[in-house]
Ligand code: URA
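Read the single chain below, which is given as structure tokens and is the form predicted on its own.
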Amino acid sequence: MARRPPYASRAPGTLGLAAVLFSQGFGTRRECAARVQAGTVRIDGRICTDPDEPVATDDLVFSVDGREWAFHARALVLLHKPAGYECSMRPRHHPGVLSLLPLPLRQRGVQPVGRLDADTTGLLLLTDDGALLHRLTSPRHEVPKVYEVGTRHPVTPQQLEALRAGVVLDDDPRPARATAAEATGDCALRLTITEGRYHQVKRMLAAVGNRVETLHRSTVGTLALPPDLGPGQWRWVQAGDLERAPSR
């Protein structure tokens, strides 16, 4: 009897072991099967060598070459972006943020949810879920993003009022409005916006007669940058955290 291919249909929530590796970005189908046959994969400490072995994916944790990995049907990770990295999939002048992630995440096709400028730091989400990417970036859903801004000149009450009322940006007749703007120091403010236009925060501050010197994103939706996550570090986002992110 012919052996069943490892990628044939199985019970819901179950995959062949090589298919599990393939879905998580550990290489091509052939490479994943070879990894299993070479004895590099363990589940609960047990070496697994059958690429066809059925595996329940719920709460699955496995290891490849000694590195532990949790199964995620869709990848969503939170990265503390450092300065000097581009969010482009094809960076030109600086290293790309994808270089900060492990190879399996890069190979399964995660991409940034929106963009931060190379000199901007802070919370950046990356995912391989197209529907989620659209929901978090579409202006229609108005997902709030909070920025900590350092300015060249002192922040005045008039500037804060203008940012909340809406300012017209260069080459864009649509007013850009902050849903919240508050001074956090003489030359610092916290700004909340729900759009993601090109250089939006920098252009908004320029429109009120100031200039951005430092820019850090601290929050997207209800997801805040964890205080213990250092620049360049990342972690998985739990589904429950994401479900609380605002959506309209």
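For clarity, every value in this text was computed on a predicted model and none was experimentally measured. Position 1 is the first residue in the sequence shown; the rest follow in order.
The same protein also exists as the form predicted in complex with ligand URA; that form is not shown, yet it is the one meant from here on.
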Inset, instruction - Please run the contact check for Ala178 against ligand URA in the predicted bound form: heavy atoms, 4.5 angstroms, yes or no? - result: no
Legend entry - Contact of Gln159 with ligand URA in the predicted bound form (heavy atom, 4.5 Å): no
Inset, instruction - Indicate whether Glu142 is a 4.5 Å heavy atom neighbour of ligand URA in the predicted bound form. - result: no
Inset, instruction - Verify the contact flag for Thr120: yes if a non-hydrogen atom of it lies within 4.5 Å of a non-hydrogen atom of ligand URA in the predicted bound form, no if not. - result: yes
Inset, instruction - Select from the listed residues Thr219, Thr40, Gln200, Thr214 the one whose heavy atoms reach within 4.5 Å of ligand URA in the predicted bound form. - result: Gln200
Inset, instruction - Taking 4.5 Å between heavy atoms as the contact cutoff, choose which of Leu133, Leu105, Leu116, Leu100 touches ligand URA in the predicted bound form. - result: Leu116
Inset, instruction - With ligand URA left out here, work out from 60-68, 192-200, 178-186, 22-30 which stretch has heavy atoms within 4.5 Å of it in the predicted bound form. - result: 192-200
Legend entry - Interface residues of 136-155 toward ligand URA, as seen in the predicted bound form [heavy atoms, 4.5 Å]: Tyr147
